[in-house]
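The chain below stands alone, shown as structure tokens; this is the form predicted on its own.
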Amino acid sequence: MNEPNKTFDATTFVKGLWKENPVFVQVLGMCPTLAVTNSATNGLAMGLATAFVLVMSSMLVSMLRNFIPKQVRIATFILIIATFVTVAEYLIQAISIDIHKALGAFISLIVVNCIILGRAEAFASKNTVGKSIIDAAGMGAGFTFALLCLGVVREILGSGTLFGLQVLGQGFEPWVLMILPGGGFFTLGAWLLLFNYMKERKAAKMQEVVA
């Protein structure tokens, strides 16, 4: 009797991580994706902060969904999200002042991240707490994965390091462009190209199987 629910839960989580990845598939949250991924550490920190806000706000929205009047639901969602963004900002500041300074205003801008408000409106406000947490965790993991992918590539090519550790040797000449804004666009474009190629290849194989 519980098997269908387990299958649904797994599918709900995985879709945010891969099939409906917020960055590589839905192309959402571009502002932090391009702005803070000049290093793997910054990308990971922003991803985890966003995932925390996403999970906690989705959980609370789902818990209160039957008590929030439809006329003020968006304003209420934003208030809930802003509360957890404040918590996340204080946590980052307590853990590492350097990371807090590096992320800067983009921590506060999590409030207007369309991924979070979108999941609150489209999923959490219509589903149970358990399902909402799993959906938010999947989307948060997918967003973190995407930021980490960009951060790793940009830091290695732009500085020759990974999480601050030298990986390409002293003789490597850093590609300074990669840690500049333009490098974010180039790296994102390359990842989107790879994801679209993999998606089309998978679709072609499925058509061959059906044929």
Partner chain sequence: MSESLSYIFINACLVNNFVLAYFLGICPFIGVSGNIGTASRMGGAVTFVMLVSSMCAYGIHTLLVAIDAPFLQLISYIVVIASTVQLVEMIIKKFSPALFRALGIFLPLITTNCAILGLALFQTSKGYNFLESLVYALGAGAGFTIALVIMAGIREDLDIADTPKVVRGTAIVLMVAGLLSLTFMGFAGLGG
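Numbering follows the first chain given and starts at 1. Rigid core: the largest C-alpha set superposing within 1.5 Å between the two forms. Owing to the predicted nature of the structure, the values given are computational and were not obtained by experimental measurement.
Quick note: we don't show the form predicted together with its partner chain, though the next part is all about it.
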{"query": "Single option in A120, I134, V85, A141 placed near its partner chain in the predicted complex, where near means a heavy atom within 4.5 Å", "finding": "V85"}
{"query": "L48, L147 and V152 all contacting its partner chain in the predicted complex, non-hydrogen atom within 4.5 Å", "finding": "no"}
{"query": "4.5 Å heavy atom contact, S108 and its partner chain in the predicted complex", "finding": "yes"}
{"query": "Non-hydrogen atom contact M30 with its partner chain in the predicted complex at 4.5 angstroms", "finding": "yes"}
{"query": "Distance check, I78 to its partner chain in the predicted complex, heavy atom within 4.5 Å", "finding": "yes"}
{"query": "L177: touches its partner chain in the predicted complex, heavy atom cutoff 4.5 angstroms", "finding": "yes"}
{"query": "Members of 188 to 204 lying within 4.5 angstroms of its partner chain, judged by heavy atom, in the predicted complex", "finding": "L188, G189, A190, L192, L193, N196, Y197, E200"}
{"query": "Core-aligned CA displacement of K202 at least 2 Å between the shown form and the other one", "finding": "yes"}
